[in-house]
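Only one chain comes next, encoded as structure tokens, the form predicted alone.
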Amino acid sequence: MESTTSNPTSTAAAELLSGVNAKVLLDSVDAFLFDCDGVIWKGDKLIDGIPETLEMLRSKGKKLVFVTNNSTKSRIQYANKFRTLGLSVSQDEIFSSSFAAAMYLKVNQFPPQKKVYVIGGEGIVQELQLAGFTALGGPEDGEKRAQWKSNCLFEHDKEVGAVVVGLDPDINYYKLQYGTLCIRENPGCLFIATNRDSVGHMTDLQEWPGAGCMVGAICASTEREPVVVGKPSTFMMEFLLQKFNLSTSRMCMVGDRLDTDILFGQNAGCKTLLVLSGVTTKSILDDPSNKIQPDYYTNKVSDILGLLGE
């Protein structure tokens, strides 16, 4: 299974969600795929109306799946976060880019004796370990410092066969050098990115630099492009389809980013709903330079409740 990204971007103008087309959408799909940051929550704060909306969709027999590019948590950790916020979501309903990175190595038969260096959070490390791989780096290297000294060689593990780069709030020069040396000097070393999001709602009040910043740094130092396993790559969708017996034409991807969430849905043949509660604003959607148009858009997920009169 390879990570691929097609580009069937839609140029037809998005429809504002209304009472009429909201009912049509609900009747036409069996599953809703939700992004999390900027859609379900901002930081550790739920967006208004989420519990009631998810409960309504479940009551109508809709399958709910949560597909997030944020790699800082594993699926177990995300299930705990949902629970802490009062939402009942099982680990099997969560597909994170940290999980996708581990599964990419597994399905491509990454040698178990090789190691994986992580520039990213505990989520990636935990998913790699659960998949049976040896992970180095991650939060453990957060306090380490690289020093420029004469006659001093920066050592790295020659058994590292892959470098996984994701969102890393503790990014530092040590990690950049370690990852760079592995990719440039270890024969056949893979360069895997969880995603290339430029920014994200890591807190409820503002956006922060996303994993794309860390990935971009390693791209520059290695002069290599990564395999991207998160949205908009269809890799996670292929895994999801293996697990649930559903047709993509009967799914709706709900997200706040055009270049990841909406494009992910379009690449897979899903219906798409953009919410303006996160990264994308109405002005960005309407900008003539924007070539990615969702099927529908609305302010926030819970608008569905009001439009359906629930």
Partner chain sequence: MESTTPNPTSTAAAELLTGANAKLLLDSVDAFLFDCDGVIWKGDKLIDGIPETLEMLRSKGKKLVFVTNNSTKSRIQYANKFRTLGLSVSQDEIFSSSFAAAMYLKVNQFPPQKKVYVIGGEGIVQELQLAGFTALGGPEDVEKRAQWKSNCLFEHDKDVGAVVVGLDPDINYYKLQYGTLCIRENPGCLFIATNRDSVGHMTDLQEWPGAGCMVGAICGSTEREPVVVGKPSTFMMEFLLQKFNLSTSRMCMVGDRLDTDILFGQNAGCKTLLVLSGVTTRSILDDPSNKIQPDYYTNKVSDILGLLGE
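Positions refer to the first chain, counted from 1. All values reported here derive from a predicted model rather than from experimental measurement.
Here the subject shifts to the form predicted in complex with the partner chain, a form of this protein not shown in this document.
Which one, 206 to 214, 102 to 110, 87 to 95, 235 to 243, holds residues whose non-hydrogen atoms are within 4.5 Å of the partner chain in the predicted bound form?
Only one stretch passes the 4.5 Å heavy-atom test: 206 to 214.
Taking heavy atoms only, is residue 223 within 4.5 angstroms of the partner chain in the predicted bound form?
Although the partner chain is absent here, residue 223 would touch it in the predicted bound form, with heavy atoms inside 4.5 Å.
Quick one: does residue 45 come within 4.5 Å of the partner chain in the predicted bound form, counting heavy atoms only?
Close contact exists here: in the predicted bound form, residue 45 approaches the partner chain to within 4.5 Å, heavy atoms only.
Give a yes or no for residue 129: in the predicted bound form, does one of its heavy atoms lie within 4.5 Å of a heavy atom belonging to the partner chain?
Residue 129: no contact with the partner chain in the predicted bound form.
Residue 169 near the partner chain in the predicted bound form, any heavy atom under 4.5 Å?
Looking in the predicted bound form, residue contacts with the partner chain include residue 169, since a heavy atom lies within 4.5 Å.
Any residue of 168 to 200 that, in the predicted bound form, places a heavy atom within 4.5 Å of the partner chain
Those in contact are 168, 169, 171, 172, 173, 176, 177, 180, 181, 184, 198, 199.
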